[in-house]
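Just one chain is shown here, as structure tokens, and it is the form predicted on its own.
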Amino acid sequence: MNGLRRLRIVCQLGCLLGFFWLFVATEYRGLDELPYPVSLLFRIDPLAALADFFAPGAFAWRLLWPALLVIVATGLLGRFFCGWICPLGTTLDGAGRLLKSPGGRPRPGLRKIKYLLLLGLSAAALFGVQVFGWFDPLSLFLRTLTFSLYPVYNLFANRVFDFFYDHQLPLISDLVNGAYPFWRDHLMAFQQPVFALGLFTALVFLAVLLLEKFERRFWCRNLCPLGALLGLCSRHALVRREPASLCSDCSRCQSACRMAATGSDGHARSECVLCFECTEYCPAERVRFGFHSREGSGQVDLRRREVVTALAVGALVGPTASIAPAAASADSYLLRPPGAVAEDEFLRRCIRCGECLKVCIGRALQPAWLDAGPLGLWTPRLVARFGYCEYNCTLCGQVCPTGALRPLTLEQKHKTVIGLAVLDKDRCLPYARNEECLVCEEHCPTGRKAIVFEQKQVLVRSRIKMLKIPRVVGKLCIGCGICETRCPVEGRSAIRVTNENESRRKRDGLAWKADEKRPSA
């Protein structure tokens, strides 16, 4: 193994371990502050920067300037990000070894799919529909960890510790029990994560891994839009391979290259991920990389008709989807996290990474399926029956890498309205059964209670008694959802939070003037 290849492997493993460390560190550990969230990785993600570029408003220079540095470095060096940094690429390399991925000759017909996908997604984003996050390899990897693998890991770890706590095995139990405090405080979730789309997300990721059975790095070669973007940037990279074409007495590069970057048409710089394996398996040791060669091809094999078709499809999808009824209007229970920008901008900024869901300490956030519209897949929504938005927590805004959730101070959070709680008098115990219940009022966290009681005389078994009847004070309710979470009525809660009056929406004259009337916390 030569020095460059060894250095590349060390870099890949280091980046993957660093990614895992950031992921585990992005967890509530008793403080409302995350100094090193895993969303730092998205700041070097050019696809996230492209999504932000097409979103309404100014480009988030402060957050995403590192992604521009990656683009510049790619223009000089080539697709080093795919071969040296990308955690999904490293995982696919490992999966390829396990699955014994076959090599293969370059297949331009499949390879161009990723470019057409990138063009279609960009055209759709230009016309108002942003779904880069569905295909972004960093989002795909992080989403799978958050929704599927991390919950399973926590469940397994908890059961292992429970087993050794319940069964005192000589020596082993003492070691495991002694390790538990460190594991709990640094390597496990604050509480067991539970997500609705865990199985679906895992199946999508498994499908990406199984593509390795057909070809090495099938995803990277043929489907990854981030790889396509970096490939376009690296067309004129200065680091080039020599020789840039197949040798007349050997064509091993054609079948052995993990990216099929070298074929009868020469070496394609836009496909090479600088793994440097060809410098090692070349039997004559002819292959070199350097800044000196002028040979090689940076061309992307796309026909004009294909480019126009991809752009047209994307341009058609954008306006067609944007004229559909807004999901938030059709579903009054579609709640977004605090700090979310207006729904249209939110969908165009959210990159579906799932980080806000991971750090939610009230377990209120769930990934949306079709309930947020066909374009809202994997976006965060607050399901108050499952959990509530903690009154003194601002973590979700801290980890959002694209500004879909604005970071809030605690004072701003206390004044931010997610929605409005509404009582269902057919299910609420005092209304429906003349039974006393104080739960929603007791848990209401606002400075002045947003749920108050009114005394009322009721007739119970031929006797008159005084009963406390709950009432929601609209101008004080912030829609945190704890009343819905704690409601003792089985099944659907007797008090539910709707998205009425949310701070991010423009209000008409009938809505509450919450910002004007809301008292300070």
Partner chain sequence: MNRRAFIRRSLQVAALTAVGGLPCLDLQALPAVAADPPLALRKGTDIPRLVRETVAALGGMRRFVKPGETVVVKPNIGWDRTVEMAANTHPEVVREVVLLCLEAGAGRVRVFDRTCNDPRRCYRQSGIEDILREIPDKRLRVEHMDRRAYHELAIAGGVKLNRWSFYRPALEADRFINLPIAKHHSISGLTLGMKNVMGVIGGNRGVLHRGIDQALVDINQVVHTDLTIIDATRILVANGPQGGRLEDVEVRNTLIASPDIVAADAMGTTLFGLQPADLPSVVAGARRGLGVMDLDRVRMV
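Here the rigid core means the biggest group of C-alpha atoms that line up within 1.5 Å when the two forms are laid on top of each other. All values reported here derive from a predicted model rather than from experimental measurement. Numbering follows the first chain given and starts at 1.
Just so it is clear, the following notes concern the form predicted in complex with the partner chain, a form of the same protein that is not shown.
Within 4.5 Å of some heavy atom of the partner chain in the model of the complex lies at least one heavy atom of residue 445.
Residue contact check for residue 215: none of its heavy atoms lie within 4.5 Å of the partner chain in the model of the complex. None of the heavy atoms of residue 277 is located within 4.5 Å of the partner chain in the model of the complex. By the criterion of a heavy atom within 4.5 Å, residue 486 is counted among the residues contacting the partner chain in the model of the complex. For a residue to qualify, one of its non-hydrogen atoms must sit within 4.5 Å of the partner chain in the model of the complex; all three of 165, 392 and 453 qualify. Note on the partner interface in the model of the complex: the residue among 200, 183, 369, 190 having a heavy atom within 4.5 angstroms of the partner chain is 190. Site annotation in the model of the complex: the residue of 174, 331, 344, 436 reaching within 4.5 Å of the partner chain with a heavy atom is 436.
Comment: 445 to 453 is the region of 71 to 79, 445 to 453, 253 to 261, 224 to 232 lying near the partner chain in the model of the complex, near meaning a non-hydrogen atom within 4.5 Å. Along 112 to 127, no residue reaches a heavy atom to within 4.5 Å of the partner chain in the model of the complex.
Superposition on the rigid core between this form and the one not shown places the CA atom of residue 179 2 Å or more away from its counterpart.
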